[in-house]
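The chain below stands alone, shown as C-alpha cells; this is the form predicted on its own.
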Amino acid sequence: MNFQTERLGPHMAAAVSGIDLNRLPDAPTQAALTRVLHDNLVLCIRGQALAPVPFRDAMAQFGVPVLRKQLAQTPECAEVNIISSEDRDVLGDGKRLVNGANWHTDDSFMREPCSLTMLYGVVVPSVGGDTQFTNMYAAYADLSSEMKARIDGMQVIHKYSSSRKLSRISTRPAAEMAAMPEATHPLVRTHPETGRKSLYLNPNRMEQVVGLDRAESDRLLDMLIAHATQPRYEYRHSWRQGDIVIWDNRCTMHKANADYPDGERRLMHRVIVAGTAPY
C-alpha cells in the first residue's frame, strides 16, 4: 500500500492518509507505519470506516490486543472498548465519567502495562473533544544533569485508585480490584524498541516514590508532572470523523477534553496492545 504522511506538531505526531485498514497492510506497509509511530510518538490514520472486529484485526498488526474490563466492551469484540460521552460510574454513584480527563499514561496500574493505545473516532463532536499529548522523551532530555542523576533508578508505586488521583474513576467489583495489586515501575524508563529514555509518569495512578517520605515524594512527583506538561512538549489533536489515533504509552502522556457542546455525542472505540514490565 502507498500512503501519504503529514507532520502534525512541531516535535511529535504525524498523520497518514491513502490507506484503508479494512484490508490489512502488507508487511512493508506495516513496518513503515510502525516507523512513523516510533519517530513521532503519535500516529493518526485518517479516513477509516471500521466495524469493531476489523478495527481489532488492524490494530493487532501493531501488537497483541488485550482485554480490559474497566471500560465497556463492544458486543461484537471484547478487545474493543467503548469510550463515550454517555459513560457513567455504573457500580458507584451513577454520575457521568470523563475517562482520561487528566494527564495520564494508560495501564500503569498493571504490572505489565500496555504498550500502545489505539482510539478510533466513531462519532466526534462538531467542536471540542480534543486529545492532548505530551512528549516524555523531550521532558526527560530537558532535565538538568543533576536531576537525571537523582531520579535514574528511582521506583514509583502505581495503584488503580491512588490517593493522589485527579480524575474520577469507575468503581470496580471487589474481585477485580483484588486482581489489580499495586505495581512498582521506574520513574525513568528505556523504550525497548527505540532505546531512548523518557520520564514515566501517571498523575492519576502514582502513589509514592519508593524510599522517600510522603512529603518529599509528593514534591518530586508534582515538580516532574509540572515540568512534563508544559505546552512546549504538547501536541493537541482535533478529531475528524474516522481518525484512528495510535500513541505509545511508553514515551507519552495524554488527556481527554469534554468541552464539546451539550447534546453532542462523542463515541470512541479503543484497543490496547500488550506490553512488558517497564524495566
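All residue numbers refer to positions in the sequence shown, first residue = 1. Since we're looking at a predicted model, the values are computed, not measured.
Separately, the form predicted in complex with a small molecule exists; it is not shown, and the next lines address it.
Check whether R56 has any heavy atom within 4.5 Å of a heavy atom of the small molecule in the predicted complex, and answer yes or no.
R56: no, not in contact with the small molecule in the predicted complex.
Is the gap between H185 and the small molecule in the predicted complex 4.5 Å or less for some heavy atom pair?
It does not: once the small molecule is placed as it appears in the predicted complex, H185 has no heavy atom within 4.5 Å of it.
For R68, is any heavy atom within 4.5 Å of the small molecule in the predicted complex, or not?
Looking in the predicted complex, residue contacts with the small molecule do not include R68, since no heavy atom lies within 4.5 Å.
Can you check whether H158 is within 4.5 Å of the small molecule in the predicted complex, heavy atom basis?
So H158 does not count as contacting the small molecule.
41 to 49, 27 to 35, 249 to 257, 57 to 65: which one contacts the small molecule in the predicted complex at 4.5 Å, heavy atom to heavy atom?
Of the stretches listed, the one contacting the partner is 249 to 257.
Only one of S162, Q208, Q73, T117 gets a heavy atom within 4.5 Å of the small molecule in the predicted complex. Which one?
After the contact test, the surviving option is T117.
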